[in-house]
Each structure stands twice: as structure tokens, then as C-alpha cells.
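The chain below stands alone and is given in C-alpha cells; this is the form predicted alone.
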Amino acid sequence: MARAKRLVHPKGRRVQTFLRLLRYTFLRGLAVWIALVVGIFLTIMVANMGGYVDKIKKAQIEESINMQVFQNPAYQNLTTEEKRKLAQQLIQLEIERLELDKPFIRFDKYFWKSRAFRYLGDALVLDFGFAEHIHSTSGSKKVWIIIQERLPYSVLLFTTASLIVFLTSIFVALILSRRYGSIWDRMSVSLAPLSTAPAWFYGIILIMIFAAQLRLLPFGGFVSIPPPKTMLAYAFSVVQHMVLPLLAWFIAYIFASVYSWRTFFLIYSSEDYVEMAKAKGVPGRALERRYILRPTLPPIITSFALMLIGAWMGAIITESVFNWPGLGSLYMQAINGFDTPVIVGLTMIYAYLLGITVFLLDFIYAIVDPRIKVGGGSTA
């Protein structure tokens, strides 16, 4: 049997590898897709409170239209009964326009006609429809335009914050792993619990110190009002407004990251092949690069990718504290206003980012770690 395997033609071996890769890609993609569908449907159900939000919206419509009809001078010549009939007609038209007259979820054989499943189908093809209360600066209520308008702000702030935390933690962790047991190493271990507090907590403290007391930095926002006219002054103003949220995010995550990677590097630096490389006289820098950093690349890449997505998802309160006009503050605004299309749209964007990241990580592992074969397990 082993001899037969050795005699397989190279072309046939490539075909087998391709088929195995294709099968693996299909199964992984299917698993990610099923997880996305289930996650988005649950989000739709939660965002609508299982249909209870429909009652809230109907009550808001009735209150708003009744106020418009009974307090509008244009209808002052109408009798109370005529005003009531007019209000009922307008309320019914608005309910039909928003399709609130149709059941949110059905538990019969026509369950697929529920609005929840229609919302699910639209969300999966990135058709988020129109927001109910929120609009973009240009006045558009299309959810995709609203998200596109806010996305660059979150990318700028939290991608920068994640890069700073990630690169700093890797650099400091490597240094500490060389000095295991030193006072700096023990200090890093004792400071790790500081990362249990969220970024917005440190943000409030930093605002009180540097904005309220010392008046060195702005309280929040993206740029000064009115905005500077020159490009250089505008960029400087943006950097000023980024300092406090970046510093809050850095303090909240750097200590746990340093402790985590310092532990990783210590584990890998004690492996037998590292000791053998040391015995052969491999220089320290080359030893770290080839025998310590290279094996830790898969978890390092995973950590950075999930940190980046987690930063965007976990930015809701942090952006609200600093009045940063990104996806986090948009999420909070949508939750407070029961704006279901915006909530589902944002969740869908996050879900796709996470799903694509998880899907691609397996292939990245095969590139950075030669011991791994995609779809074929570890090499012998």
C-alpha cells in the first residue's frame, strides 16, 4: 500500500490535493455561512424583542399622528369625530407603509412569509433598506449609506489603537521573555489586572484629568468646531481629538496583551529545539525570529485579527464617552431609537467581518506554518 502511494503520478497527486482543498473550502465556508445565518436571525429576533417592538412603534405612530391632527391649525374646522377618523386613516396608512400590519414571526406552515425571514434574506445580501429614525449628514435614510459614512471614523481610531497595542505588546513581551524573573517582568505580571477595566472607564478618568482639569486636550469629538480651514491644521486637530481615546484603549488592553504574549514566548523559548539551537550557537536575534516568533505566528495573527474586529464591536460605549462619530455611537443611537434596520445592518457587517476572518485564518495558518496542510491535517 505504501509502495502504491509512492508511485502516484505527480499530476494525480496535485489533483488529489486540489480536490481535498476544494472540499475543505466548501465545508468551512458552509459552516461559517450557517453560523452567520443563525446569528443574524437571532439578532433580528432580539432587536425586535420577538415582535414586541411592533407594539412600541404602533403606539409611537398613534401618538405622533394624533398630535399632528388635533394640534394642526389646518384641521381646526373639523369636528372631533372627523379629526379622529382622519387620524385613524393616517395611522392605518403609516402602519401599512411600514408593514406593521403583517406578523413579525409566524409559527405555521407559512412561517417563511414572516417579516423576520424577509429581513433575514435582505440582510444576507446586504440590502438593509432604510432607517426608521436615523439619517446621514446628506439627509439619506438608506442604511448602507449611513454605515459607509460612519465606518471610516471607526477604522481610523480603532485600527490605529489595535496596531499600537499589538506592536507594543509584541515588542515589550519579547524583551520581558529575555528577562524572566526581573523586576520589570514581575511588574508586568502585577499590572495585568488593570486590563479588567474597560476602555471607557479609563476614558472618563483621562477626560477629567487632561480635559477638565489641565485643559490640554479636547473633551471629545472628531475635529474642532468650526473645523480648521487648512489641511495641516485640520490633521493636527484630528490627532488632538484622537489622543485621549487612543490612550484609554491602550491602557485598557496593553497590560493583558503583554502578559499573554510574554507567557507565549516563555513557553516556546523552553522547547527542546530552541535549546538545541542555542547549543549550536545561533545568535539571539536569529533565535527569536526563527525558533520563537515563527511558531507563534498563527496565534499572533489570530489575536490581531480578532482584536481588530473586537475593537470595532466593543467601541459602543467608548465612542459615546468621547462623542466619536463612528459605528459604535451609531449602534448606541440605533438601540436607543429602536431603529431595527440600522441595528441589523451593523450586526451584519460585524458578522461578515468575523466570518471572513475565521474562514481566512485557516489558510493563513498553512502559509505561515509549514507544519499545517489545509484540509489535510498536520504533516508527518
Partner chain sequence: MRKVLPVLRELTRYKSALGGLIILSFIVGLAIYAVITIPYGEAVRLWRGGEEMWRYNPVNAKPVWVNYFTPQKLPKTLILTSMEDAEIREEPLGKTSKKVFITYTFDYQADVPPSELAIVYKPKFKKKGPLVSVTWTTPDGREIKFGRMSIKSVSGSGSFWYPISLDKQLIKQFGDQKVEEGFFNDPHDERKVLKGKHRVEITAYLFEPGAWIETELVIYGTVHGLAGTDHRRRDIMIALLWGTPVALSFGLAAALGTMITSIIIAALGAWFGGWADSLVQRLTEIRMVIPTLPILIMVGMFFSKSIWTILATLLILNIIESSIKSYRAIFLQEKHAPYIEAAKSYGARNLRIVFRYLIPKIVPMLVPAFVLAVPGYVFLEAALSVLGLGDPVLPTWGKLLSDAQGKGALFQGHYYWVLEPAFMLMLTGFGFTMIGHALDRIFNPKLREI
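Between two forms, the rigid core is the largest collection of C-alphas that superpose within 1.5 Å. Residue numbers count along the first chain shown, from 1. Just so it is clear, the structure is predicted and the values come from calculations on it, not from any experiment.
Same protein, other form: the form predicted in complex with its partner chain, not shown, and the subject of what follows.
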* Option touching its partner chain, based on a heavy atom within 4.5 Å in the predicted complex, out of 164, 155, 91, 266 -> 266
* Asked: Of 197, 235, 187, 286, which one comes within 4.5 Å of its partner chain in the predicted complex, counting heavy atoms only?
  -> 197
* Asked: Of the listed stretches (98-106, 278-286, 140-148, 256-264), which one has a non-hydrogen atom within 4.5 Å of its partner chain in the predicted complex?
  -> 256-264
* Do all of 36, 219 and 354 end up near its partner chain in the predicted complex, with near meaning a heavy atom within 4.5 Å? -> yes
* Asked: Just to confirm, residue 207 within 4.5 Å of its partner chain in the predicted complex by heavy atoms?
  -> yes
* Asked: Can residue 273 be called a contact residue for its partner chain in the predicted complex at 4.5 Å between heavy atoms?
  -> no
* 4.5 Å heavy atom contact, residue 324 to its partner chain in the predicted complex -> no
* To do: Although its partner chain is absent from this view, report whether residue 121 comes within 4.5 Å of it in the predicted complex, heavy atoms only.
  => no
* To do: Determine, after fitting the two forms on their core, whether residue 352 shows a C-alpha shift of 2 Å or more between this form and the one not shown.
  => no
* To do: Align on the rigid core first; then say whether the Cα of residue 323 has moved by at least 2 Å between this form and the one not shown.
  => no
